[in-house]
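Take a look at this single chain, the form predicted alone, given in structure tokens.
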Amino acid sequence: MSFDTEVGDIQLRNPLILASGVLGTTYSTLQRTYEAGLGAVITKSIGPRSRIGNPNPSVFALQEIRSVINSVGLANPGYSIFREDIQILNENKIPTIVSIFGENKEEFLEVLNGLKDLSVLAFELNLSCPNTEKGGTQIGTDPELVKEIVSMLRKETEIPLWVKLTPNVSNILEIADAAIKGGSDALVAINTLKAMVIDIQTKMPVLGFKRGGLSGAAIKPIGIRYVYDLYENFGDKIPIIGVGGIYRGEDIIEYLLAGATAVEIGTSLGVAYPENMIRFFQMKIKKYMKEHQFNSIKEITGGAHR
């Protein structure tokens, strides 16, 4: 029974990847989660310059639905400073995907060119963050702009490009098709959903930025639906990585059956002991594979379509 998986030309020791934005702010937290048993890690989204992000409170737990609403606002040190963390990860042989963002195509290009000499597995293009005044969500909802950015970056590097898709669109397949035509090597679905919580006592939104993005268990059925649709339409062309709402081993299996070749795990690792959660996930997947006589992750992928 093999736990290895492939995302395009990338070989991973297992299909579990740390999602961007949760524990990926420093090399030490990234290394910690990988050593706990993940197949790879993804950094926090890195932009062209240092960014403070949105005012606090920027994170609010919705415990009743095992979810989180956040408006961190892409706070990051900028690529020129974060290079040092990536270099340390390189030295320690941690398989690293770097999430990058920009408010326009020129900024995406600047960040890519500033980091492409490093040893990274892939660049994940955050075209779809809903928590900023401009950029992100506008880019990720415009198929022509998505195609243009991916195509431009494709010409600059042979390092794989993963495109993270927003669920905040009327037709995700149109955006996915544009990413594929631009030269994307994998599709990641989904990013957070636009959301808001209002405190009925203060009569004000609970977040400093007022609006935010919803992650956690509440969005899993939406993520499953999008991965299923993407696999149905593009599964023969490009690998799909599922993300959103993974709290149980069964959730991972569900994403694989929908068509994912790997999954990204975020919120659940940020609210519990990641080492315990990762061991738990692995145990559940291996138990399922044994019970259903699967010899590899590849045999599970897309099973709901057969």
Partner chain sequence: MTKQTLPNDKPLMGKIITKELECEDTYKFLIELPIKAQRALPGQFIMLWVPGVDEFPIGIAGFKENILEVGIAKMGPGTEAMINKQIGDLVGVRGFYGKPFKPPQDVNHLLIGGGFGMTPLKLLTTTLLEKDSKQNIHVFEGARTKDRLMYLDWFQDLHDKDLITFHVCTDDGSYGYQGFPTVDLENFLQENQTPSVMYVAGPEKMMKAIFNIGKKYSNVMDMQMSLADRYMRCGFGACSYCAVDPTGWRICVDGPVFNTEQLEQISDFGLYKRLESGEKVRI
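Numbering follows the first chain given and starts at 1. The shown structure was predicted, so the numbers you read here are calculated from the model rather than taken from an experiment.
Just so you know, the form predicted in complex with the partner chain exists too; it's not on screen, but the next bit is about it.
Only one of V41, L269, A258, I241 comes within 4.5 Å of the partner chain in the predicted bound form through a heavy atom, and that residue is L269. Residue in contact with the partner chain in the predicted bound form (any heavy atom within 4.5 Å), chosen from I139, V72, L153, I100: V72. The stretch that touches the partner chain in the predicted bound form, counting heavy atoms within 4.5 Å, is 49-57, out of 277-285, 49-57, 248-256, 233-241. Each of T26, R32 and P205 is positioned with at least one heavy atom within 4.5 Å of the partner chain in the predicted bound form. The closest heavy atom approach of L62 to the partner chain in the predicted bound form falls within 4.5 Å. Shown alone here, L16 lies farther than 4.5 Å from the partner chain in the predicted bound form, counting heavy atoms only. In the predicted bound form, the partner chain stays beyond 4.5 Å of every heavy atom belonging to T96. Residue contact with the partner chain in the predicted bound form: Q201 places a heavy atom within 4.5 Å of it. Residues V72, A75, N76, P77, I81 are the members of 70-99 with a non-hydrogen atom no more than 4.5 angstroms from the partner chain in the predicted bound form.
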